[in-house]
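There is one chain below, alone, in C-alpha coordinates, taken in the form predicted on its own.
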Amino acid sequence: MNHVFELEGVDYQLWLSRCQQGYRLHLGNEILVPLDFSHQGDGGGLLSIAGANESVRFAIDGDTIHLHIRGRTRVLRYRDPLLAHSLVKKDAGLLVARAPMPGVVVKTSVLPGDQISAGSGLMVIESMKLESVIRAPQDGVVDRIHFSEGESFEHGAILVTIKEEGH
(Lines give C-alpha, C1' and ligand atoms only; values in the text may rest on other atoms or scores of the structure.)
Protein backbone atom coordinates (compact mmCIF):
# COMPACT_ATOMS: atom_id res chain seq x y z
CA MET A 1 0.00 0.00 0.00
CA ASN A 2 1.17 3.48 -0.83
CA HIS A 3 1.64 5.92 2.01
CA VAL A 4 1.78 9.68 1.72
CA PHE A 5 3.95 11.86 3.96
CA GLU A 6 4.25 15.64 3.85
CA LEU A 7 7.69 17.10 4.52
CA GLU A 8 8.28 20.85 4.37
CA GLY A 9 5.11 21.42 2.34
CA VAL A 10 5.74 18.70 -0.24
CA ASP A 11 3.80 15.40 -0.37
CA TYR A 12 5.81 12.23 -0.99
CA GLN A 13 4.05 8.99 -1.98
CA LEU A 14 6.10 5.97 -0.94
CA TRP A 15 5.82 2.32 -0.06
CA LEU A 16 7.97 -0.54 1.24
CA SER A 17 8.49 -3.99 -0.25
CA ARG A 18 10.22 -6.91 1.46
CA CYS A 19 13.69 -8.05 0.38
CA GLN A 20 16.50 -10.16 1.91
CA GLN A 21 18.04 -7.13 3.70
CA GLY A 22 14.68 -6.10 5.19
CA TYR A 23 12.77 -3.68 2.96
CA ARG A 24 13.17 -1.61 -0.17
CA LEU A 25 11.94 1.96 -0.12
CA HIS A 26 9.97 2.95 -3.24
CA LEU A 27 9.22 6.54 -4.12
CA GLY A 28 6.62 6.53 -6.88
CA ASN A 29 7.76 3.86 -9.35
CA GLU A 30 11.44 4.21 -8.42
CA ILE A 31 13.29 1.96 -5.94
CA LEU A 32 15.43 4.22 -3.79
CA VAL A 33 17.33 2.08 -1.29
CA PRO A 34 17.17 -1.07 0.79
CA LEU A 35 16.48 -0.25 4.43
CA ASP A 36 15.70 -1.83 7.75
CA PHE A 37 14.80 -0.58 11.20
CA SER A 38 15.38 -2.11 14.61
CA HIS A 39 13.47 -0.53 17.46
CA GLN A 40 15.73 -0.04 20.49
CA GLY A 41 13.33 1.16 23.12
CA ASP A 42 11.70 4.40 24.08
CA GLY A 43 11.58 6.55 20.94
CA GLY A 44 14.82 5.35 19.40
CA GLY A 45 16.24 2.83 17.03
CA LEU A 46 18.79 1.94 14.43
CA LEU A 47 17.95 2.64 10.79
CA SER A 48 19.97 0.83 8.16
CA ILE A 49 19.98 2.73 4.86
CA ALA A 50 21.73 0.92 1.98
CA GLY A 51 23.86 -0.93 4.56
CA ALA A 52 24.90 2.17 6.56
CA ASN A 53 23.54 2.34 10.11
CA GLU A 54 22.08 5.56 11.48
CA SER A 55 20.85 6.11 15.03
CA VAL A 56 17.42 7.78 15.05
CA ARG A 57 15.13 9.28 17.67
CA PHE A 58 11.46 9.81 17.04
CA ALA A 59 8.23 10.95 18.67
CA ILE A 60 4.79 10.31 17.23
CA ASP A 61 1.93 12.71 17.96
CA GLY A 62 -1.20 11.63 16.05
CA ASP A 63 -0.38 11.97 12.34
CA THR A 64 2.81 13.94 13.04
CA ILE A 65 6.21 12.26 13.35
CA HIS A 66 9.18 14.17 14.78
CA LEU A 67 12.30 12.42 13.47
CA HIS A 68 15.86 13.23 14.56
CA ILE A 69 18.54 11.77 12.31
CA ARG A 70 22.06 12.91 11.31
CA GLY A 71 21.89 15.89 13.71
CA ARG A 72 18.68 17.32 12.21
CA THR A 73 15.08 17.12 13.31
CA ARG A 74 12.42 16.84 10.65
CA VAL A 75 8.66 16.91 11.02
CA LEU A 76 6.71 14.47 8.82
CA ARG A 77 2.94 14.47 8.55
CA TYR A 78 1.20 11.25 7.58
CA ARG A 79 -1.64 11.73 5.11
CA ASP A 80 -4.54 9.29 5.27
CA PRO A 81 -4.40 7.34 1.96
CA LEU A 82 -8.10 7.81 1.33
CA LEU A 83 -7.95 11.55 1.92
CA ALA A 84 -4.77 11.82 -0.15
CA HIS A 85 -6.48 10.04 -3.04
CA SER A 86 -9.84 11.74 -2.73
CA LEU A 87 -10.48 14.72 -4.90
CA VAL A 88 -12.78 17.58 -4.04
CA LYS A 89 -14.58 19.24 -6.93
CA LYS A 90 -15.74 22.27 -5.00
CA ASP A 91 -17.56 23.90 -7.90
CA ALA A 92 -19.82 20.87 -8.36
CA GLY A 93 -20.02 20.09 -4.63
CA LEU A 94 -18.78 16.55 -5.27
CA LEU A 95 -16.17 14.41 -3.55
CA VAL A 96 -14.80 11.17 -4.87
CA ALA A 97 -13.30 8.28 -2.94
CA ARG A 98 -10.54 6.81 -5.10
CA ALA A 99 -8.94 3.39 -4.87
CA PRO A 100 -5.62 3.62 -2.98
CA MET A 101 -4.47 0.45 -4.80
CA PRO A 102 -5.85 -2.03 -7.39
CA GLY A 103 -8.29 -4.60 -6.05
CA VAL A 104 -11.77 -6.07 -5.90
CA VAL A 105 -14.92 -4.81 -4.16
CA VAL A 106 -15.83 -7.30 -1.42
CA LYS A 107 -18.84 -5.53 0.10
CA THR A 108 -20.69 -2.26 -0.41
CA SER A 109 -22.06 -0.75 2.81
CA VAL A 110 -24.05 2.19 1.40
CA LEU A 111 -26.59 2.96 -1.34
CA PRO A 112 -27.06 6.06 -3.48
CA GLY A 113 -28.98 8.64 -1.45
CA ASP A 114 -27.63 7.45 1.91
CA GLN A 115 -26.56 10.23 4.30
CA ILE A 116 -23.02 9.58 5.55
CA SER A 117 -20.65 11.07 8.10
CA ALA A 118 -16.90 11.57 7.83
CA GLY A 119 -15.26 8.24 8.59
CA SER A 120 -18.31 6.12 7.70
CA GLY A 121 -17.48 2.84 5.98
CA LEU A 122 -18.47 3.00 2.29
CA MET A 123 -17.18 -0.33 1.05
CA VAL A 124 -14.72 -3.11 1.80
CA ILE A 125 -12.08 -3.81 -0.82
CA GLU A 126 -9.49 -6.56 -1.15
CA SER A 127 -6.02 -5.78 -2.48
CA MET A 128 -3.01 -8.06 -2.24
CA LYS A 129 -5.04 -10.47 -0.05
CA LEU A 130 -5.74 -7.73 2.52
CA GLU A 131 -9.18 -6.29 3.17
CA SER A 132 -9.48 -2.53 3.74
CA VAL A 133 -12.46 -0.33 4.52
CA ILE A 134 -12.91 2.68 2.25
CA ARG A 135 -14.26 5.46 4.46
CA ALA A 136 -16.03 8.72 3.68
CA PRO A 137 -13.58 11.65 3.64
CA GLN A 138 -16.29 13.98 5.00
CA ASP A 139 -20.03 14.31 5.62
CA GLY A 140 -22.36 14.13 2.62
CA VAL A 141 -24.80 12.05 0.59
CA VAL A 142 -23.79 9.06 -1.55
CA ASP A 143 -24.31 10.11 -5.16
CA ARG A 144 -22.97 7.09 -7.08
CA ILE A 145 -21.25 3.77 -6.45
CA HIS A 146 -19.01 3.03 -9.43
CA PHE A 147 -18.22 -0.67 -8.83
CA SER A 148 -20.42 -3.57 -7.70
CA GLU A 149 -19.40 -6.36 -5.36
CA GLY A 150 -17.00 -8.70 -7.13
CA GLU A 151 -15.86 -6.12 -9.70
CA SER A 152 -12.16 -5.29 -9.96
CA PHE A 153 -10.65 -1.80 -10.28
CA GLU A 154 -7.29 -0.16 -10.85
CA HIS A 155 -5.28 2.19 -8.62
CA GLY A 156 -6.87 5.64 -8.59
CA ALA A 157 -10.27 4.48 -9.88
CA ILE A 158 -13.24 6.41 -8.54
CA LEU A 159 -15.08 4.05 -6.18
CA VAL A 160 -17.78 6.30 -4.72
CA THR A 161 -18.98 9.81 -5.53
CA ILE A 162 -20.33 11.85 -2.62
CA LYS A 163 -22.33 15.09 -2.76
CA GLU A 164 -21.50 17.67 -0.18
CA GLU A 165 -24.49 18.56 1.97
CA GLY A 166 -26.37 21.57 0.64
CA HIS A 167 -25.62 20.87 -3.04
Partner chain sequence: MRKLPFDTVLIANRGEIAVRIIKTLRELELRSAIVYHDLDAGAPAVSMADMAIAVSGRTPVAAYLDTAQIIAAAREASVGAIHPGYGFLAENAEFARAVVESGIAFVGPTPESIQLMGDKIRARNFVQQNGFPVMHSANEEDDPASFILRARSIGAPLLVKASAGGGGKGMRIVRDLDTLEDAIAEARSEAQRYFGDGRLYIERYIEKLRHIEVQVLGDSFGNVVHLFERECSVQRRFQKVIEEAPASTISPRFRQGICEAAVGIARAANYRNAGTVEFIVDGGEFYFLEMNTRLQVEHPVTEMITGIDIVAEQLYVAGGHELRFSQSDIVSKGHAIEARMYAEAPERGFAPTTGKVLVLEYPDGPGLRIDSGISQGQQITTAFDPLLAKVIVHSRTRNEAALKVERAMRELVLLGCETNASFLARVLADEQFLSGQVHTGYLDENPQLTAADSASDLSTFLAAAALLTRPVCDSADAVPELHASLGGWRNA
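The structure displayed is predicted, hence computed values, not measured ones. Positions refer to the first chain, counted from 1.
What comes next is about the form predicted in complex with the partner chain, which is not displayed.
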{"item": "Touches the partner chain in the predicted bound form: residue 17 (any heavy atom, 4.5 Å)", "value": "yes"}
{"item": "4.5 angstroms heavy atom contact with the partner chain in the predicted bound form for residue 111", "value": "no"}
{"item": "Contact label in the predicted bound form: residue 135 to the partner chain, heavy atom within 4.5 Å", "value": "no"}
{"item": "Contact flag, residue 118 vs the partner chain in the predicted bound form, heavy atom cut 4.5 Å", "value": "no"}
{"item": "Residues in 18-42 with any heavy atom within 4.5 Å of the partner chain in the predicted bound form", "value": "18, 19, 20, 23, 24, 25, 27, 30, 32, 35, 36, 37, 39"}
{"item": "Direction of C-alpha distance change in the predicted bound form, residue 25 to residue 101 (at least 3 Å)", "value": "farther"}
{"item": "Residue 137 and residue 61, C-alpha gap in the predicted bound form relative to this structure (3 Å or more)", "value": "farther"}
